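The data below hold one chain only, encoded as structure tokens and taken in the form predicted alone.
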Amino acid sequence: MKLWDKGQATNAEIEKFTVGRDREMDIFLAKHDILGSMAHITMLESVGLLEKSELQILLRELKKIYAIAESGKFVIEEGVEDVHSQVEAMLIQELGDIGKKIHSGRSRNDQVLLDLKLFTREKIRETVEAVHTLFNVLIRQSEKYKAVLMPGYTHLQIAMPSSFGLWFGAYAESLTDDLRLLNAAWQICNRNPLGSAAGYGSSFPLNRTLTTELLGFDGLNYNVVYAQMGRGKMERNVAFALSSIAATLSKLAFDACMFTSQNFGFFKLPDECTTGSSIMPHKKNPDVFELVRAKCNKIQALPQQITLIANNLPSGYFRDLQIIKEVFIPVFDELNDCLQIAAYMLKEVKINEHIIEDRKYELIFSVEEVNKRALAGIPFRDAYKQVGIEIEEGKFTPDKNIAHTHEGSIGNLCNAEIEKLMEDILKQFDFSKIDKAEKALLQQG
């Protein structure tokens, strides 16, 4: 079935090429397409384009199809182009002419816009939850090991004292900034494009405010041309936010790979969290962190992929945009898998609490000595030269009792403040509003 079929056959190779992977990708959009249709026909009845009895019949049938999609048994049949065509075909098969009325005032263009936004809202929620889980692990580990010193590095040379409290806490705070960006993308996503039709609105007296409320959106994409221009833009903005999370994870994974190596030995993974070698019996490899690093580096390329697909398109719809689904839809599960496995691994690591006892790290305390002398009244630059000379002459004796007190330092991690930051950002994702709207929609009929 083709919604645009006018009785002329399409060349099989042309059909295969133009449909592409839509049947595969659209399975992920099925339940969202059905929810959108339920909101749309509720609005159609309110403006006199459906009878109340027809609305009740359609809603009951759509709820049956929704249950099929929820169970994972929804199928786009051979010869059917996409999810929109499949849902309409199922309605017509069961209801006859009533099923043919569902498309009034709508185009597949605004249907797919809507489906992608509803899908993305749901997936952003899963990502937020996965980020929050990892955040909590990082904060707990930061508190647990806040008194355990480790060397800090610049240029991969030992530099100054750090701590595991600082290391874990740094990545926790990084995730708060990542969620700020994701919240901005969420707000762009959470606006209703339905009713823009093919990008130029409709002569039907549509009530777009009603569908906005029924689907729990924060507001409308008002201008119908801009609503269509949002295709690709929404995905790109969300991809930038996801790539920010991926960048944090990738850096963390690099640290973890380095810190578990024998040359560093800062922490150790349980044997069950490592893999081995086919010829080297001693090997215990941090493959999980290596794969997290690679997957997250790949995710960081996604905004550029989407940009290059949509970059030179004027306003209006073009089939190029179909390809974005292929790279965008799978990214959420891949990133969320990385977040979940990273949280598990970091919860299981065994910290080396005696790193600083190794004499090779003695020089990281040189700045502490310079500062101590400056506090005693020696000009900083003179104190710097004194300690530098002692180091060169092999006379430097470190004092490992450090006292950092300012905000965000070893002795004052500000983890409570970082947790408050996260709490405030999480409140800006109003998932409960969506839950309420979707529940009410599914209870109709």
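Numbering starts at 1 and follows the sequence shown. Worth saying up front: this structure is predicted, and the values here are computed from it rather than measured.
Although it is not shown, the form predicted together with a small molecule is what the next lines describe.
- Scanning Lys325, Lys101, Lys146, Arg208 against the small molecule in the model of the complex with a 4.5 Å heavy atom cut-off leaves one residue, Lys325.
- Note on contacts: among His354, Arg319, Lys350, Arg359, the single residue with a heavy atom within 4.5 Å of the small molecule in the model of the complex is Arg319.
- Using a 4.5 angstroms threshold between heavy atoms, Arg106 stays clear of the small molecule in the model of the complex.
- Residue contact check for Val112: one or more of its heavy atoms lie within 4.5 Å of the small molecule in the model of the complex.
- For the chain shown alone, His84 is a contact residue for the small molecule in the model of the complex, at least one non-hydrogen atom being within 4.5 angstroms.
- Proximity of Arg231 to the small molecule in the model of the complex falls within the 4.5 Å heavy atom cutoff.
- Of the candidate stretches 311 to 319, 155 to 163, 340 to 348, 363 to 371, only 311 to 319 contains residues with a heavy atom within 4.5 Å of the small molecule in the model of the complex.
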